[in-house]
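Before any questions on binding or motion, here is one chain by itself as structure tokens, the form predicted alone.
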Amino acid sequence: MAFTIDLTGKTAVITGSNSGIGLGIARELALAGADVVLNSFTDTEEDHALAAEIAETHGVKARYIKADMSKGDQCRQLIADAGRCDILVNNAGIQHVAAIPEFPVEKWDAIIAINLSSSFHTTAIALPMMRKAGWGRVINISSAHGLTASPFKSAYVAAKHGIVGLTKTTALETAEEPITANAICPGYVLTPIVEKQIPDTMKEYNMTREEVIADVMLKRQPSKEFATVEQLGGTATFLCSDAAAQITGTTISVDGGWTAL
């Protein structure tokens, strides 16, 4: 049989989705016909305008809901306020770099809360909705650092490894149902946040833009190319297709070969 991807009538909630990877995934899901709920901790005209633009461009329903992913009760309320969640994309995340003895406790707590605990809270509320609807997809955005490690990123690496474990447990708990749970593990992705880091890194290392990208940012990415938000959106959309109905409890790396090393 031929598989097509038509998500008309499905509602996708994407955390941390007013920019970067989350927004890219939201756009691709909307392109496939899904209604989307965008989210971040801000509540600006620009946030709501993004939702309006997606709705107009793709002819779907789209809205923005503010929720702080560092707060468990707000994570749960986000899903409740969405009213329906057929596709849950846990994407929200932050980063901090420091050696373990100097790693600020408040940064550790924030990273674990936003990058890991938020996904537990949203999943806990979304799964009953998926079971009631008779279909569901949980897509957790982990990282190459969910499969390997780097120095000075203890909290991020711990949280992203934890996301992979949570994904596997979710998959096992839903294995006999039409619900799947998978983790996407990106390497370096060219997002607005990464783009902003390039000039500072050029100054720090006295390098050209090309040298910073090849020798610093993409040093561990064998393809020497950034992944794109559109590629991650396409991967997420595929995981929502009937072709992916038996893909569950696993990781899909979009990292240019990073974790093949």
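The shown structure was predicted, so the numbers you read here are calculated from the model rather than taken from an experiment. One-based numbering along the sequence shown.
If you look for the form predicted in complex with a small molecule, you will not find it shown, but the lines that follow are about it.
Segments offered: 127-135, 181-189, 80-88, 100-108. Contacting the small molecule in the predicted complex at heavy atom distances within 4.5 Å is 181-189. Mapping the unseen interface onto this chain, residue 143 counts among the residues with a heavy atom inside 4.5 Å of the small molecule in the predicted complex. When contacts are judged by a 4.5 Å heavy atom cut-off, residue 235 does not count as touching the small molecule in the predicted complex. In the predicted complex, the small molecule lies farther than 4.5 Å from every heavy atom of residue 241. At a distance threshold of 4.5 angstroms between non-hydrogen atoms, residue 147 is out of contact with the small molecule in the predicted complex. Interface residue among 248, 18, 253, 11 relative to the small molecule in the predicted complex, by the heavy atom within 4.5 Å criterion: 18. Contact annotation: of the candidates 29, 54, 37, 67, the single residue with a non-hydrogen atom within 4.5 angstroms of the small molecule in the predicted complex is 67. Using a 4.5 angstroms heavy atom cutoff to the small molecule in the predicted complex, all of 92, 114 and 194 count as contacting.
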